[in-house]
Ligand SMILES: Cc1cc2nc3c(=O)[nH]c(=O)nc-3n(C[C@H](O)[C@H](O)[C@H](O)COP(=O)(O)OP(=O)(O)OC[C@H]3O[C@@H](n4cnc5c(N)ncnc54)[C@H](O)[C@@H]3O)c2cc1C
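A single chain, nothing else alongside it, follows as structure tokens in the form predicted alone.
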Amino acid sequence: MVNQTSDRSSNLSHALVIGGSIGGLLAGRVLANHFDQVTIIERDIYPDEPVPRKGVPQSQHLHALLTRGQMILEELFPGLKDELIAAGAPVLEVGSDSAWYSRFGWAVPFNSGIKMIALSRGLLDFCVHRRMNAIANVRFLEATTVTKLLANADNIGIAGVSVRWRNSLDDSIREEQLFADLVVDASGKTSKAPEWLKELGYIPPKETVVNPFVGYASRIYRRPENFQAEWRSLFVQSAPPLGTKGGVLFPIEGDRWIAGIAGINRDYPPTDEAGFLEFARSLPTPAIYEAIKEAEPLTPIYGYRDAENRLRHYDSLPRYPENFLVVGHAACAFNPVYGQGITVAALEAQTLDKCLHQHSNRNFKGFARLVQKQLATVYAVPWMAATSEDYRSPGTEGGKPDFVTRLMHRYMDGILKLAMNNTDVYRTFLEVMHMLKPSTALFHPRIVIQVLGQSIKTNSEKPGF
């Protein structure tokens, strides 16, 4: 029952998480190491099997668990990797099992040494939630909605939340107050934190939105029994400004494929049968279409368009509320086509854990602002990676590429062109993409020299050079 944590006088330390999706679950896992009790409030009801759920709007679509994220999850939940594999999730050798088509053609397959687990979002959420349910000092309040934040007595911080829930005994709506030493908002892009803070007299965070008007559509297929190919997954990269379409075909548990097709600059893929297949056929290579055209569909076609980059600058609030953090998509959401979200959530949890270890006493004065600033550094590189690519599209709103960004576009084009046939460059690119190495690795002198040499050679072959 909700009232188990409504006692303000308890001597037990208590952390409260708003939102029980992957960002909230990972934050809750870390908090459980530092607080006597952790409560995770979720509007939805968790399913009893690994299936999509209503509370995760993109659960019907492909989610990439990058290798860095996979490593952090294994640290948080030892044995999780084996658990996912036992549930049927395939393991991909990223360089040799994945066929990658870019604006420069097909990349040469090679053994990269990088492995990733391919799985549905439903399976990942189910396994992580099950692990969290087994932790003694963590409890869930399902079908419960947070309605506002509660200020502490001197109005310098957050003391808890008000919640609304339905009493299953008489079907009445109940409201209650829950108090905590730390409140973490992980409620996603629809977070009400800006409005709640404004109600308490705080200035809401400024927002930066970069919208490339991308939409995608997904469907799960049964992998044909006799299908033969040299690849296990396909990645067809879009090539804006002229090429707006891209797609992926990914194996997931149950010997199934998830096919996702996407368009940028409002070139949205249809969600009807004929339109979906025709869009797939019209990609820069028809490889995905050729694979799925005779495959048995197992789900309807699901579309999604709410895919802009949105950064709320909580780290820059002139007056920051004590005892309150904002994580996940509630703070920073990326264009999902780059597959960074789950791994960034894992990095957030890792950062929170480090900050809590450095702040071992229960006096949390100044702690929340410190953590929020640390989280801003976590977002910086993936934000730059996503938005700079989105700026390639002329229809992107929320800013225009400056000289440095255009220069980086040219340099990254050189990297991609080299990577198609140069396994050393390709491996480094994959290591950066999977967040195993910083983006500066792509500027190592040995790579810069090759990019410049390739550019000089290309220019010298042009007529009139």
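Numbers for residues come from their place in the sequence shown, where the first is 1. Note that the structure is predicted; figures quoted are calculated from it, not measured.
Missing here is the form predicted together with the ligand; even so, the following discussion is about that form.
Across the proposed site, R310, R392 and H409 without exception lack any heavy atom within 4.5 Å of the ligand in the model of the complex. Figure note: of the listed segments 22-30, 436-444, 394-402, 421-429, the one touching the ligand in the model of the complex, with heavy atoms no more than 4.5 Å away, is 22-30. Interface residue among S120, S238, S187, Q372, judged by heavy atoms within 4.5 Å of the ligand in the model of the complex: S187. None of W257, Y216, F324, F279 but one reaches within 4.5 angstroms of the ligand in the model of the complex through a heavy atom, and that residue is Y216. Taking the partner from the other structure, the ligand in the model of the complex has a heavy atom within 4.5 Å of a heavy atom of R43.
The ligand in the model of the complex is not approached by Q70, whose heavy atoms all lie more than 4.5 angstroms from it. In the model of the complex, none of the heavy atoms of I292 sits within 4.5 Å of a heavy atom of the ligand. Remark: Y304 counts among the residues lining the ligand in the model of the complex, judged by a heavy atom distance of 4.5 Å or less. Taking a 4.5 Å heavy atom cutoff to the ligand in the model of the complex, the contacting residues in 55-69 are G55, V56, Q58, H61, L62, H63, A64.
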